[in-house]
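In the block that follows, a single chain appears as structure tokens, in the form predicted alone.
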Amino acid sequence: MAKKLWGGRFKKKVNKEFFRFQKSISYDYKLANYDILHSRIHIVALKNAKILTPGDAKKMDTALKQILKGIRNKTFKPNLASEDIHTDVQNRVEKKCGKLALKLQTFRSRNDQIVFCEKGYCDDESGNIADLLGEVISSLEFLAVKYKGFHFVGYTHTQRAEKIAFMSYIAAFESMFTRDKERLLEFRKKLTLYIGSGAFKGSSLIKNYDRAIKEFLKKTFEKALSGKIKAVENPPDNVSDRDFIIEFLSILSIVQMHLSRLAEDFILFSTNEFNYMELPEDFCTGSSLMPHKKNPDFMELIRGYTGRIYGNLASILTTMKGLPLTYNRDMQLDKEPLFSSVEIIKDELAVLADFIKGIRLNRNAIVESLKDESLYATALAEYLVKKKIPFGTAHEIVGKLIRYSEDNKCKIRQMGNETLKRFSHCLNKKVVDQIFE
């Protein structure tokens, strides 16, 4: 069992099974770089408060930068015997700096570190996901341009409705993902990483933090964080706040809903019953029994993961609903749902961008479906309205015409002028041919 950040008041050793149950290092190691950022700013505040000498501050900062280098080049491996990533980083600094490292936790608490790290993670990942959405939007634009000028069958209630430009159909998904991207960028824009909350009532260093943040950012390459990291304004609220995770997961749930809707359409339209599109073979799988199968597994997995994404949001909402102020250990359980949703969404989007470019339309099947005369009923009614016929009347005229066509098994295109004029004096074969073109 690794050294802990607490324990002086306890006579008994912590139960081994309980320690295993309550530790979080197996997943919160993903926050290591943000914990180091918090510590490096904290060291500057300790130096300015004369708790650390400039030499001691430099020594500890060098140790933290060495640990950070390992994280960035992916050689860092968390010590799974540690309680959490904050303890792990502390112990690593102690190995490099000796007893000097015991000053690192002066006037601060993990409660403050945790929320700082989680906000840093959400800040970075919201930007990463926005970038991935941009790639998906570009792929949709590629597909739309590839079939520019081609028409498609539009549906309402899963029933054929009207002919639509394929570009317009694809643009609907582009609009969904564009709104998602805008939500993420707005979320990131307003996210603030506060420091100085202590356990919950603030730190003795709180007056030093604004200066420490400016000094730190001036000497590092973290200038993009300027204005995003601030000295805390309301410590009790800061350590107990998880609204930002709930908001982030709410946005990701909307993203996932849009992904699932796209998946459902593409699954449906690639079936033999529709046969409008062919999904790229290298993103599909076969059957262990049926040799002919080409299954849309990627689309189905996206649809299936929607339950997981929604569940992650519901999990944190449920955890937070009855917590008294301020920090409670229940809040440790916010990390796995957060990490899970982010990783699922990123994986889906990374694959989807390439998947979309490989879609091919079955032009023959679509052209055949576009011969369905009911697809042009609304356009026919709109033509009559332009001829000064009230829409309600036009609606009834076209409805009767469609019903006549069905009852008599006669295509409207095949009707002569005499038959068409029974329904309206404005109708004739030339008009029908133009509208049904």
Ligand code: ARG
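Residues carry their position along the shown sequence, with the first being 1. The structure presented is a predicted model; accordingly, all values stated were derived computationally and were not measured.
The protein also exists as the form predicted in complex with the ligand; that form is not presented, and the subsequent description refers to it.
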Inset, instruction - Given that the partner is absent here, state which listed stretch (155 to 163, 79 to 87, 200 to 208, 272 to 280) has heavy atoms within 4.5 Å of the ligand in the predicted complex. - result: 79 to 87
Legend entry - Contact flag, Q332 vs the ligand in the predicted complex, heavy atom cut 4.5 Å: yes
Inset, instruction - Mark S424 yes when one of its heavy atoms lies within 4.5 Å of a heavy atom of the ligand in the predicted complex, and no otherwise. - result: no
Inset, instruction - Report yes if any heavy atom of S253 sits within 4.5 Å of a heavy atom of the ligand in the predicted complex; otherwise report no. - result: no
Legend entry - in the predicted complex, Y327 touching the ligand (heavy atom, 4.5 Å): yes
Legend entry - Candidate site S24, N111 and I114: all three near the ligand in the predicted complex by heavy atom within 4.5 Å: yes
